[in-house]
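First, one chain by itself: the form predicted alone, in structure tokens.
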Amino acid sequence: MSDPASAEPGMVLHRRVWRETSALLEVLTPGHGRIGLVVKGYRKRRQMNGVLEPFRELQLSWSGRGELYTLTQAEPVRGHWLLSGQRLYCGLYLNELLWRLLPRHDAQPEVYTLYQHTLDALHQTDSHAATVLRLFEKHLLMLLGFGLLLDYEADQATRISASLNYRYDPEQGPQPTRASDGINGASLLALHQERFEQPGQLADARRLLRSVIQYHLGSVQLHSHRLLQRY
């Protein structure tokens, strides 16, 4: 893959020390998707390192070819999304989910926009964080081609009944079940309409979306789940 012609906006999803003196960033960009950037001499580049933080949009330049690029410049475009408490954990969950679920070098400008809009919503203290996360998960799956079937059964001919319970197959969709651990049809319709008005609907949506996401992650486990006991 050739070098980018110019600087591009991006946001740091993950950062770790790499080869003693360097750091490896996982970055989300609108035009190149998720990319890996090596920061050489990381410990000595204090001015640049101060801006390489999550929840801040940066203007990034890099060079090189192959799987990993070398970061050459990073400048802040806007201030931080200042998240604290459980909302900070929600933001860390967004970052880990994107890092683990998105393939590298697959441009997803709609995902980039969804991510920023979700951070905007989490930054608003009057928003319901659990609802914000459920809608992010739903729309992310849709943008990646894993959209959920929520208003029809798996046969795509029979409408979901609010009075029935369903088992959700990630490949086929909802199927009626008598099992006690099924998802209530009313909860499927609530997620479809993005309105959680009855008790238990948001919890059902969480259980459904987590199971579908885990299916697509395979054996990868998200560490941030442990921080989100309420969400």
Partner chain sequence: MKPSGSGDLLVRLLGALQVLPGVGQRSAQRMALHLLQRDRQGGKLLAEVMLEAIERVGHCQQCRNLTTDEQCVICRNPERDDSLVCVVESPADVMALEQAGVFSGSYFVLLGRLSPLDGIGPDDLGLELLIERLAGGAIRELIIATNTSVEGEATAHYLQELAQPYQIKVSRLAQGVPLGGELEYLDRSTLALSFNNRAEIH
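No experiment lies behind these values; they were computed from the predicted model shown. Positions refer to the first chain, counted from 1.
Although not depicted, the form predicted together with its partner chain is the subject of the following passage.
- In summary, among the residues His117, Arg104, His80, His128, the only one with a non-hydrogen atom within 4.5 Å of its partner chain in the predicted complex is His80.
- For the options Gln73, Thr113, Gln86, Gln124, the one in contact with its partner chain in the predicted complex, meaning a heavy atom within 4.5 Å, is Gln86.
- The stretch from 50 to 58, 199 to 207, 180 to 188, 27 to 35 that comes within 4.5 Å of its partner chain in the predicted complex, counting heavy atoms only, is 50 to 58.
- Contact annotation for Glu96: at least one heavy atom lies within 4.5 Å of its partner chain in the predicted complex.
- Proximity of Ala7 to its partner chain in the predicted complex: non-hydrogen atoms within 4.5 Å are absent; the residue sits far from the partner.
- Using a 4.5 angstroms threshold between heavy atoms, Leu92 counts as touching its partner chain in the predicted complex.
- In the predicted complex, its partner chain stays beyond 4.5 Å of every heavy atom belonging to Ile213.
- With contact defined as any non-hydrogen atom lying within 4.5 angstroms of its partner chain in the predicted complex, the contacting residues in 211 to 226 are His223, Ser224, Arg226, given in sequence order.
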